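Here's a solo chain for you in structure tokens, the form predicted alone.
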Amino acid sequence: MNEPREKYFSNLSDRERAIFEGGISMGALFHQFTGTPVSLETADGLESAISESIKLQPAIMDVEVHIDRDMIRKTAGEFGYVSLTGDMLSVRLTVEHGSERVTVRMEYLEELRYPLMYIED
């Protein structure tokens, strides 16, 4: 235990800690960015902003964010933008803690009609 904060996680394995950090980051991403105005012109920048901000979280090694452009195209109103929703997002986080690496995923699953967050690997 090199750092004082590690005492709060001493009851977790490296894998459990990686999953915890991935879950916290995915929840933060979802609740921070849904509702953000997005257009076809700003989608690339929003993907980048989401990715860069989530990479600041502990243990997050890589972030892949994709915003569904077809949904923007289909739902954008008279002013050319729409509010970002969970069903527009496809996200993959690579999380490392100690000797463990996990992949945390969020994607809209049509059969559930829900943007599900889960451990992919």
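One-based numbering along the sequence shown. Given the structure is predicted, the values throughout are model-derived calculations rather than measurements.
Unshown form predicted in complex with a further copy of the same chain; subsequent notes refer to it.
Taking non-hydrogen atoms only, Arg15 approaches a further copy of the same chain to within 4.5 angstroms in the predicted bound form. In the predicted bound form, a further copy of the same chain sits beyond 4.5 Å of every heavy atom of Leu89. Contact annotation for Ala28: at least one heavy atom lies within 4.5 Å of a further copy of the same chain in the predicted bound form. Taking non-hydrogen atoms only, Gly98 never approaches a further copy of the same chain to within 4.5 angstroms in the predicted bound form.
Contacts between stretch 51-82 and a further copy of the same chain, counted in the predicted bound form as any heavy atom lying within 4.5 Å, involve Glu52, Ser53, Leu56, Gln57, Pro58, Lys74, Thr75, Ala76, Gly77, Glu78, Phe79, Tyr81, listed in sequence order.
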